[in-house]
Each structure stands twice: as C-alpha cells, then as structure tokens.
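Provided below as structure tokens are two forms of one protein chain, presented individually as structure 1 and structure 2.
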Structure 1
C-alpha cells in the first residue's frame, strides 16, 4: 500500500484508485506476465469496477514510467510484467503457455558482436524461445 503509493509518486503519477489496484495486482503476481485482459479480469474478480480502457491507459503510462515492460510475443495480445531492473529474455512452454525467464550474458555479447560486424549498435532486442519439455520416456532425444 505504502510501497505502491511511493512508487506512483516517484514517477509523477497521481495516486488514484485504479492505478493503485493495478500496481498491486502486479506486486502480488511477482514474476508473472499478464495481458491487459488478464489484469482486467483480476480486477473484476476483486470486485473492482475499473474499465478495460483504463487498464490499457494505466499500463501504457506504467510502461512509459518504467514500472512495467511490454512484450509482443506471438498471438496478438501484448503481455506486461513488472520491470525489476534486470534484463532477461523469455522462453515459452508451448504446451502449457508458461513463461520462463533466463539470462545469458554470452548470447548478449554475441548479439552485440553480430551487430558491430554489420556496423550497428543494438538499441533493443527481443529473444523468445518457444520450447517443449524434453521427452525423457520416449527415447527420442
């Protein structure tokens, strides 16, 4: 409560009910990746009367303020997660939809190398691995 208030103040956003509740949803869900609609449904489940348009507006503001990060994975809907400061990439289990975060400093370095080789510097990047659990029983691998 106090923590969310401070965070909103810190980034210069008025402390309003919708913004507080949305921020709390992400704090509860630490490590989770939510679409705007996921957030909206969780608000409904908490008996909150906050419109979907407001959720989109707040998420956009949070992104601009660096509170959340937005990802455009496959499948149309954008997903948001709290920005905890440390960069990471994502692996998506295509069977369960589960999102796993990972960091590989070596991959990051190679990316910079490749870009440099072409005369560029990296501004941003997106790496997503679509994965399936390694089959142990089937002797395939």
Structure 2
C-alpha cells in the first residue's frame, strides 16, 4: 500500500481511493494486459463502488503520468499494462486475443542494423506480432 502511495505522489497525483485500488489491481495482475472493463470487473468483484467512467479517467491520468502504457492492438480494445521501464515486444494470439510479452536481443540488434543501413538511429519502436498457434502434426521443411 505504501509503495502505491509513493508512486502516485512521485508523479504528482493526489492519493485517492479509486487511484489506489486501480493501481493495486495492476500490481496484482503484473505482466497482464487489462482493459478498462477488466479493471472495472475486478473492482466489482471486490465490492468496490468505483464506476467505469472513473476507471477510464484514472487510466487516462495514469497513462499521462507514465504509470501505465496503453496499447491499441489491431482488432481489439485498448489494453493497459504497468510501465515497468523495460522494453519488450508483444505477440497477439489472433484466435484468443491473448497478449504475450517477449524480449529478443537478436530482433533488437537487427532493427538497429536496418536503421543504420538506411542512415538512421532508432529513437523508439513498437513491435507487435499477430500469431496463431502452430497446428499439431503440421511440419514444414
């Protein structure tokens, strides 16, 4: 609880019950990507009297303050995750909508090489792979 309080104060946000509870949900769901509706349902499950409009407003404030990152993956609604400050990329299972985080130094190196070959330096980037599970029994090669 103290950590959430310090985090809110660090980014200049007043410590309120809705902000604290929403931040706690993200802490509990670390590594998961949540929609505003997911957060709202978790609040309801804990008998919290925090409306969906408040959830959206707090998430917008958290995004502006750098507490969460908002992703708008194709074909789906916006999802949020805690900004842990470490770069990672995403795979989206097109059948289930599941979001998988991954880190690949090889991919990062290749991206830097491509940019350099064209005379550029990467400032920032986002990589999203839309994937489908391999069919069992299907072999290539």
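In this text, the rigid core denotes the largest set of C-alpha atoms whose superposition between the two forms falls within 1.5 Å. Since we're looking at a predicted model, the values are computed, not measured. Residue numbers count along the first chain shown, from 1.
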Name the structure that matches the description of the form predicted together with the DNA.
1
Determine, after fitting the two forms on their core, whether residue 112 shows a C-alpha shift of 2 Å or more between structures 1 and 2.
yes
So how many degrees does the small rigid bit swing against the big one between structures 1 and 2?
16
